[in-house]
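Below are two forms of the same protein chain, given as structure tokens: structure 1, then structure 2.
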Structure 1
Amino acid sequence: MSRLRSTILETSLQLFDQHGFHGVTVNQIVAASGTSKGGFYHHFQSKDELLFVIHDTFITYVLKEAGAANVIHTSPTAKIQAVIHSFVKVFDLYKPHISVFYQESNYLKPEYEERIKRKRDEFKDVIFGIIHEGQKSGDFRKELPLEVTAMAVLGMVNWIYKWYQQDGRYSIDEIAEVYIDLILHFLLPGSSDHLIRHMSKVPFFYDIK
């Protein structure tokens, strides 16, 4: 990504967060970015495309990480841990993008909205697929309804944007450890000792001597 494109994106994130999508003009973005209209339109066809790129950036990241987890790991237990870790991390890495997404997503044009929806559905399918794989292999509890379980995972992680603060008590990696622990507790059969043996990392809050 060119430096100017990055500057325009970062500036737009700040302006949209402060004033809303319709409260900001291309002229304001241009002035705050220290560029020209020519510079803006060289990188973005319109303000609508800019909003799409903001949305697409973090969704593409989490989808790419989920795809990598599916390739790198062979067991569904390892896969779900890797996917949840990167999913939680996105709320720190792309906090401004996600804030604007939840505030301004209603203003996406239909063609852009459809492209975002396809990627969100792809990610949802990854979560569904890993849980289904784990239930078939016996790694995950078979009695849990697949649809409810997968949507519970998505819902609990998505809610992070409502409360997460980068200067809060816990780091994003520590929060990821808590979420992974919670999700493994309701997915895996057996005792806590069995669960710990299958964790890629023992959570920071475990008191194990």
Structure 2
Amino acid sequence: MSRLRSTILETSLQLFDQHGFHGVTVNQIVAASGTSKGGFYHHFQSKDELLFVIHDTFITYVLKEAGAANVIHTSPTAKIQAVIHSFVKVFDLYKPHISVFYQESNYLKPEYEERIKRKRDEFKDVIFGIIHEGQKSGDFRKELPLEVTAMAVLGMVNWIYKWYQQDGRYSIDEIAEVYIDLILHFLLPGSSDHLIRHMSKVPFFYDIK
């Protein structure tokens, strides 16, 4: 990969993170990258392709990490811990990518959107798969509806990009630990009797034995 291409990618990433995709013009990108229109369009077909490349490098990385963490562990409990840990850590490594990924993905041109969506679904399947496997084996609470639970997990992690800051009070590893603790607390079975007393009503899904 050429030097200038990398520079453009890094620069535009920062600019998009700060001002959003539509808040940054190609002229601003080339100025900040120390190049020209010619340099930009030599490496990218369009501004839209640039947006796609940012999306793709990020989701490709996440997918690879999740896959790796998934295969080297055996039990669902170990898997979910490893995957969540690697996933949370991504927010430290790829913060600007992620901001763009979640904020601007609906501005992807259809053909690009399709390709990103496929990889994103693949990642989602990893999470769904682990939880599903854990429920089947009895490692995780069987009464929980898979889809809702999995989306809750994805949501709490994904939302990190909205508030995490590198110089914040907790390190990314500490945040990962807390999240894993929270997730295991609602995934792993254990006497729920003492909890039911505190609930205003017994949840609809508890009768699924």
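These numbers were taken from a predicted model, which means no experiment stands behind them. Numbering runs along the sequence of structure 1, starting at 1. In this text, rigid core is short for the largest set of C-alphas that superpose within 1.5 Å between two forms.
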key: Number of the structure representing the form predicted together with the DNA   = 2
ask   = Based on which superposition fits each C-alpha better between structures 1 and 2, do residue 124 and residue 100 belong to the same rigid part?
value = no
Angle of rigid-body motion between structures 1 and 2, smaller part versus larger, in degrees = 18
ask   = What's the distance in angstrom the Cα of residue 34 travels between structures 1 and 2, core superposed?
value = 3.6
task = Quick one: how many Å does the C-alpha of residue 23 shift between structures 1 and 2 once the rigid core is superposed?
result = 4.7
